[in-house]
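The chain below stands alone, shown as structure tokens; this is the form predicted alone.
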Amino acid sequence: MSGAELRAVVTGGSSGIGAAIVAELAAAGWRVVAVGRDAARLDSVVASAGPGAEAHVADLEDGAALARLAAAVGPAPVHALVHAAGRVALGPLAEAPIDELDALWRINVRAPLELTQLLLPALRAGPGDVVFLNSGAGLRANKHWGAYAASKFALRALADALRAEERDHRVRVTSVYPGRTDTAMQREVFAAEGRAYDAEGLVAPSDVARLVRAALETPRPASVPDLEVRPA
């Protein structure tokens, strides 16, 4: 299958790792639907990525918006669904607001699951790959990272179960665990930790994007179930 025939949906496409993945896939000849809430930033990403990319504005916490996205993308085969959108919040569990935990769950766990369910017929038709951008916090929970880590541990469980359940449909599932990466979210983390932001030594979003593309373009029947990327 030639690159021009490959179709991808990337959430969190307006910034950070998501935007880098949109650019990487579009440059390789994929047709990419970049999904995000900020229309202006999304349009800028798509314009930079070139004619292979298109924008779709959607709030991932809105079930109706997810249904509209799935309808706009389908019923043609989808070869990659990349869940790059995410939310972070840090602090001691003893003081963690429950509504904050709910907000983390909605964007980090519920939205990826719901969109995957909606696009599974198109992914099975591909056959396609589902990529979950997880976090080092999805592998280990540290002080003040409990609420966020809980959502990422849950995302890891969804990915592992989905991989086993969809094997007969030839749908592959990859979890990516980036370490600290130079993104707007990382700026939030530095601020929560009371530190001035310093990108030196952080992983570049473009490096994560190249690795995601490599996993997607790995010929079947080989697969890349887990991918961990850390600062050197």
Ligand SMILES: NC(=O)c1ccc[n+]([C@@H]2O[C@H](COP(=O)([O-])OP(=O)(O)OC[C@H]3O[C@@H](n4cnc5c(N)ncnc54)[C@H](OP(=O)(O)O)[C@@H]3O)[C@@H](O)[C@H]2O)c1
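Since the model is a prediction, treat every value here as computed from it, not as a measurement. Numbers follow the displayed sequence, beginning with 1.
Missing here is the form predicted in complex with this ligand; even so, the following discussion is about that form.
Answer yes if any heavy atom of Asp59 is within 4.5 Å of a heavy atom of this ligand in the model of the complex; otherwise answer no. Output for Asp59 is yes: heavy atoms within 4.5 Å of this ligand.
Check Ile107 for me: does it contact this ligand in the model of the complex (non-hydrogen atoms, 4.5 angstroms)? Heavy-atom contact with this ligand at 4.5 Å: present for Ile107.
Answer yes if any heavy atom of Arg31 is within 4.5 Å of a heavy atom of this ligand in the model of the complex; otherwise answer no. No.
Tell me, yes or no, whether Glu165 is in contact with this ligand in the model of the complex, where a contact means a heavy atom of each within 4.5 Å. Outside the cut-off, so no.
Please determine, with the chain shown alone, which of 68-76, 115-123, 157-165, 82-90 has non-hydrogen atoms within 4.5 Å of this ligand in the model of the complex. Contact criterion met by 82-90 only.
Enumerate the residues of 121-154 that have a non-hydrogen atom within 4.5 Å of this ligand in the model of the complex, in sequence order, or give none. Leu133, Asn134, Ser135, Tyr148, Lys152 sit within 4.5 Å of the partner.
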